[in-house]
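In the block that follows, a single chain appears as structure tokens, in the form predicted alone.
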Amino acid sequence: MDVEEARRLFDLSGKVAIVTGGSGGLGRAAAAGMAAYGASVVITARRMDALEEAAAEIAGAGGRALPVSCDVTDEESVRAMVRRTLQELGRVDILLTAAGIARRAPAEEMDMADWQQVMDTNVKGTFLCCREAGREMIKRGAGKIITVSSVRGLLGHPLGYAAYGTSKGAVHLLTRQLAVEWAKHGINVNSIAPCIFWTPLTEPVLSDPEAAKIFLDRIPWGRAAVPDDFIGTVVFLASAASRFVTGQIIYVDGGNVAG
């Protein structure tokens, strides 16, 4: 490999990426990061106003973003989102599944409607998006799928994460299963497992000094992550640099799972 080939390893020019949860903290950072490296990005969520704001931000930085409303828990909505991507941009090269929710409660008090909502969004929603994007990638014999899980998929936590942690553990195994099934089609499937990030989803927790201390005491780096900490790993897994990496759970966690 010569120097120019090495420099192109992270180039996403000409690629089309779908980012679910594209108006949220991690999804928005991932979309902006991939757009900065040349990808056209389709950002999805349920609220178009938030998506249009995120798309305008990407466009203002010189990128290309298409906002598409999608409910990841609804099979037909996911199919329609992928169809729209193909109609507008012609292909699907990359999928990043950042859509997710958390409902916290002690296990003995967990409401089953809340439990099911977490499973529907975090597990079913991830699978539906992977399946529909994967079908298109199989046709082309190539693709990059990046699921977003969590350190909670590996480690328990005292603050009521029975539903959320279980859902993220399922995402870990789904990632490995798809990696094994789809390797023959040239599709890399990996997961990013963050520790707690400053996002709208986690702000209520991190704004509570007692709760924040429980989290931060477990992170050797000494702080919660910020969305920009997410971008480098996303670009690596979306690009040719990771072409022989599949079935991996990559922890972006400031050392959380190390000890």
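Nothing here was measured: the structure is a model prediction, and the numbers come from that model. Heads up: residue numbers just count along the shown sequence, starting at 1.
Beyond what is shown, the protein has a form predicted together with a small molecule; the following relates to that form.
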Within 4.5 Å of the small molecule in the predicted bound form by heavy atoms, the stretch out of 105-113, 181-189, 131-139, 146-154 is 146-154
For the small molecule, considered in the predicted bound form: do all three of 15, 63 and 233 come within 4.5 Å of it, counting heavy atoms only? no
Exercise: residue 36 in contact with the small molecule in the predicted bound form, heavy atom 4.5 Å = no
> Though only this chain appears here, would residue 201 touch the small molecule in the predicted bound form if you measure heavy atom gaps against 4.5 Å?
Replying inline: yes
Margin query: Just checking whether residue 98 would be counted as a contact of the small molecule in the predicted bound form - the rule being heavy atoms within 4.5 angstroms.
Written below: yes
Check your understanding: Looking at the partner-bound form in the predicted bound form, is residue 58 within 4.5 Å of the small molecule by any heavy atom?
Key -> no
